Structures are given as C-alpha cells and as structure tokens.
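Next comes just one chain, in structure tokens: the form predicted alone.
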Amino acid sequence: MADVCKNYIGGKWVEAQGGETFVSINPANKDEAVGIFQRSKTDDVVAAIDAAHAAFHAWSRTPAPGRAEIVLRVGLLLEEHKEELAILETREMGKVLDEGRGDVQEGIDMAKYIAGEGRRLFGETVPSELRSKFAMMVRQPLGVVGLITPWNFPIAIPTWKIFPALVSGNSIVFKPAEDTPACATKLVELLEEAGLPGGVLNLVTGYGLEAGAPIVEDERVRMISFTGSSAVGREIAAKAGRTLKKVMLELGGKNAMIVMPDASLDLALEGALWGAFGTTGQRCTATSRIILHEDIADEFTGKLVEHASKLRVGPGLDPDNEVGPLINEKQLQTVDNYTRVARQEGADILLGGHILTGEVYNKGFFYAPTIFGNVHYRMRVAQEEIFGPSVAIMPVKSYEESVQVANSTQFGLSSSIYTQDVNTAFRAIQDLDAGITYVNAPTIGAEIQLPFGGVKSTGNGHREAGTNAVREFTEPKAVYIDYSGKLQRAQLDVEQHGA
C-alpha cells in the first residue's frame, strides 16, 4: 500500500483539517500509486500562511549568508539523493530516467548558484546632490510569498522559486501541482534536514481551486510566483491585482525552430528530435513548430519522419526508452484532440497521430510521436500550445518569412535558428520576438545563470533564474543619511554651479 504523506506547516507534518486525501499515480502504469496526499483546502492554507507570517520576522533578520548556507546544504543533499529523486520523478511524472537526473541537477545547480547570492545581495550607492548626505539603495524581502509550481519539472522549478525566495529572506507557502506531490514532499524533507527553521517554508498539497486560490486571495501573501498555463496565469493576475500583490508569471509557449538552407541539417535534425519529443513535448520551451526554408524542406522533413519513427516510447524507468508517457488521461485526450483538429484544418499527418495501445502501453498514457505537415501559420496547431509529442512543419520562402511566421503567435518564450551565416544569426537574435533565442541549438536547454521567461502571453515581464531571481524576490528601498546637522531640502537647497 502506498505511503500517506502529510502537509508541512509550522515545522510539523500534519494532516489536512478536512481529513480528505488524493492519490498520485504513475502515468506509465495507472494501477501503481506513488503516494497518498492531503487534499488541502482554505483552512489548511490559512494555517500555512499563519505559520509563514509568524516565522518571517526572525528569518528576514537572519543574515543573508546564513540563509544561503542552508540552501547550499540542500543542494548537497540533492546531490546525495540524486538517483533516488530521479527515480521518484520518473515514477510520478513519467519522463525518462536520464531526464529525471537532469531535472534534479538543475536543482543542484540552482542551490549552488543562489547560495553565492547570499553574499551578493547587491544594492546601489549613488552620489547625493547635497553636501554631507549619503544616498543608497538596499534590497529587502517581500514577506510571505506563495509559490505555485507545475508538474513537468517537479524538482527543478520549485528550486528555481524556493531557493532565491529563501536567500532573499522571505517565508513561503508552497503548493505543488497535484500530479507531482511526492517530488515536492521529498524536496521539503531535504529542506527540513538541512536545518530550515519551522514555518519558513510550508507545504500544502491539493488542487488549484481548493488550495491554490486561497493563497492568491490572502492579503498577507505579498507575492505569487506561478508557472503554468496562460489561462490560469491571467486568472491569478486578475485576483492578485485586487490586493496589489506582486505577481511573477511563467506561462505557455509555442516555440519555433528555423532551419536555413546553409544549416548543418544533421545537427538541426538532432535538435528537432530532442526539442520536439524530449520530455514527451511537455515543456513550455518544447519545439512545437519547425520552420523550414523551402530549399531544404522536403529533405529535412523526410529525415525527421524517418528518425522520429524510430524513437522508442515506453515507461521511463526502462533505459532503452527515449519518450515516456503523458502526465494523465486528460492530457492524453487533449493531445489526441489536437490531431483531430489538425486533420479538420487540412494538415497532413506525416507520423503518429494516435494513442498507443498494446501490452506495454495499455496501463499508461502513451501517445505516438506526431508530425503535422502542410501547416499554415493560422491553423490552431500552429497557434495553440499542445504540450505533447506533436510538432508542426511549416515551409517558408525566405528568412524574412521565417521570422514573420515565428513571431505570429501570442506566445514569446523560446526561439531557435540553425544557420552557418553569422549575419543571419545576429539578425535572428534581434528579430525573433522571444525571451530566449538559441543559435544552432533547439528551443530547450536553459541554464540557471541566465534569466528565464518570455514576452507577450508567455509572462508578465518578470524573469526567473540568473541575477534576476533575487531581484524578483526583493523590494528596493531608497535610504538617505544626512550628516550635515541641519535641514537640507532636496531640489531647493542644491548649490548652483555655473559653467
């Protein structure tokens, strides 16, 4: 029988006040329960916010290098438990084991990087316009922050939010996706083991409307950091706006990879396979559109179909498999529905386009790697995020048309171009309307030392990771120190010096 896991509130592992639970299952085998988790509701969220609010003062007064030391210890524990966590992630989320290891490694990298920021919480010193007066800006924590994370990177994305929030001096209410609470619980256990004081981080598991919405609505929560769909992000922004709290949104993508005639087609082919079908296409940065110059479109499409047809699909714990299951039945039906939409709109199904069946697949949520051909940029499969192993092929006549097509969606997260021409590469860096641009690499593979996020409907202007991470979780405070011993009036008592 699966273990029963609890919420973590005020430094204690507790059951939901309503006594309800839910089960997390293995998407490769829906008969296997990964664990039983608390179905938290408003009373549980309020208790978590109470605990975070009570812990904030002492934690915010803890010197930043001391806060960072705990984060570093968590990173070392993640290293120690890397294989265990990767296996758990594959069982709960479905991605192949090697990708699970990569997910945990992102958490390790973030811990080490952000721990260094504990001694680098930079402000500014600037000259004052008045004599005997010192002017500077310092960074201060926000207070209680609510972190709502998705299921597709159940270790990495929580660490992207939790670690900088902690180093910055905030206390936290953390609600992971209901599909991956086991990974979140294990991460919180490591934070507890590293010595994080009780109440500084509080975990509530459950569903969005029941456990996520109360975090957004409570006035004591001064910031919401959310990664998920654009539709939910808009609702969160609207609700949070009523209490004027800060909102950081990382939302959807419809990422394009452009392949020019001078590109290394073998390299671009490798990138397309990894970008489109890695993580079963369940990445906000997944390569969901491949824009091909007409001079190489037929050749490249043929090679892509040939190689994609050989991808091994199956349970992620089998090291021979390259593509795992979709996360749940709902997503399986969503992906299959987009194949029907593609057919209705006149696209060709060059590969796949069906739910996989058979002994290996019947207990899971497996979908065949799918390639749509003859796709026009106005089709829904070229505009809407599918979040599955489906990619659209879109031929164009020129570089200018490739950029126009790439920029034609509401999203602007990641982009890519394959070319050997340095001038074309730099034009693309300037022209592509996205928060991330890759040259001679697919649209996936972000590193934690650069800002992550997008434009248009992909987000609201904030960025995760990099030096931006700390800035997002702090407020700048201007400080003036007048040691003149007399009243000085800014702008009124400034000495005028003529030329």
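Quick caveat, the model's predicted, so the values are computed rather than measured. All residue numbers refer to positions in the sequence shown, first residue = 1.
Here the subject shifts to the form predicted together with a small molecule, a form of this protein not shown in this document.
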Quiz prompt | is_contact(Glu89, the small molecule) in the predicted complex, heavy atom dist at most 4.5 Å | solution = no
Self-check item: 4.5 Å heavy atom contact, Glu385 to the small molecule in the predicted complex
Solution: yes
Practice problem: Evaluate Leu413 for contact with the small molecule in the predicted complex, applying a 4.5 angstroms cut-off between non-hydrogen atoms, and reply yes or no. | Solution: yes
Quiz item: Quick one: is Leu209 in contact with the small molecule in the predicted complex, heavy atoms, 4.5 Å cut-off?
Solution: yes
Quiz item: Taking the small molecule in the predicted complex as the reference, which of Gly253, Pro154, Gly146, Gly94 has a non-hydrogen atom within 4.5 Å?
Solution: Gly253
Quiz item: What is the one choice in Ala240, Ala213, Ile393, Leu311 with a heavy atom within 4.5 Å of the small molecule in the predicted complex?
Solution: Ala213
Self-check item: Region of this chain that lies against the small molecule in the predicted complex, out of 345-353, 118-126, 303-311, 229-237 [heavy atom, 4.5 Å]
Solution: 229-237
